[in-house]
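Just one chain is shown here, as structure tokens, and it is the form predicted alone.
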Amino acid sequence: MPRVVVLGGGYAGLACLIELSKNDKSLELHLLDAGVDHCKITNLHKTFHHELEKFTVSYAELAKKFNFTFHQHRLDFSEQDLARWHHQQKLPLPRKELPFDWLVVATGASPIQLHAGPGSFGQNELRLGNGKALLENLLETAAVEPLQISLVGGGATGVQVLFELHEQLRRKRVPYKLRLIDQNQRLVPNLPEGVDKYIAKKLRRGGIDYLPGTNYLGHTDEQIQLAELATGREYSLPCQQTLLFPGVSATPSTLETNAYGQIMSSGRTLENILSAGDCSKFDSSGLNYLTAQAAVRKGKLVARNIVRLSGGKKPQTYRYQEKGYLVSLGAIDAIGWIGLRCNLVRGFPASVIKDGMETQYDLFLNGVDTYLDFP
């Protein structure tokens, strides 16, 4: 019975396992991940007022549903390790080695690390379920003095966290001041210019300061240290809490693959080791952004290519093109595009569409695949 081992239980890793479970019952499937549950990280901004458990699913539950074996284990590796594993066709585990016929590396991406002082908070803290505790601490501080809060990072995740926090503080009617610090000159630069204009307008209406072209240096003694990128001028602003959301980078590094998802190492194709998700860069016209949308399609494609290669068929090229992208701006507002980048959707209708996208993934984890387009 051919054995497939997947490293990483994020969007790409689970998409690969679910697709394999559906398309080839003869395969023996294994998942390795350091955690105990899968987190729908596109919903982490909601954990200021929802329990983290609402957005997680245990690997044990998923393993039972999709017929794979789960191993809780962190496996660090280098490019040289991949080449050695390809030659040996087995992975080193603490108690025994795990042989494989196919290996899929889907280790995803991790938050970019910035200088974190005692008053800083980032994606890792949200992932630990500390969002509600942070909000409670802020409310306690607001009872004594007005809040000064800074968020670093003008990408999609940072913007979503900013507006979610803004909405929660406004509902509590406490005195606060929010500012958004961004190295770029415009918000969410990968999205159409109209998105930036809509978000900037909402920032002004909400009384939120926006500091573009600004570098974050650190947070100490209830102050945030900043520098103007254009002039190099350094200065400080009062700030009790800094939220760090500067983006993510591939973990442990970006893996170059051919158009089918097979890893390329020193000019050589590792035929039996493939990669998918945020840690992979496919040599094709397909979408290579570090998004859940791309991760799911890469995971599905890699799974189908394993089935095809196992059956002696030619693998298929990754050609998936982005269908749209939406950024949440609170409970009933969002902005982004659908179908064509010039087709902007905003406000409550955009919020409903974004919720529908999250529901689509929930259905996928429950065995109902509505991703009809081929990756």
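All residue numbers refer to positions in the sequence shown, first residue = 1. Note that the structure is a prediction, hence the values are computed from the model and not measured.
A second form of this protein, the form predicted in complex with a small molecule, is not displayed here; the remarks below concern that form.
Mapping the unseen interface onto this chain, A106 counts among the residues with a heavy atom inside 4.5 Å of the small molecule in the predicted bound form.
At a distance threshold of 4.5 angstroms between non-hydrogen atoms, L29 is out of contact with the small molecule in the predicted bound form. Mapping the unseen interface onto this chain, H73 counts among the residues with a heavy atom inside 4.5 Å of the small molecule in the predicted bound form.
Of the heavy atoms in F68, none are within 4.5 Å of the small molecule in the predicted bound form. Listed residues Q168, S120, Q123, Q223 were compared with the small molecule in the predicted bound form; Q123 is the one with a heavy atom within 4.5 Å. Checking L44, L62, A334, V307 against the small molecule in the predicted bound form, a heavy atom within 4.5 Å turns up for just one residue: L44. Residues placing heavy atoms within 4.5 Å of the small molecule in the predicted bound form fall in a single listed stretch, namely 155 to 163, out of 135 to 143, 155 to 163, 253 to 261, 179 to 187.
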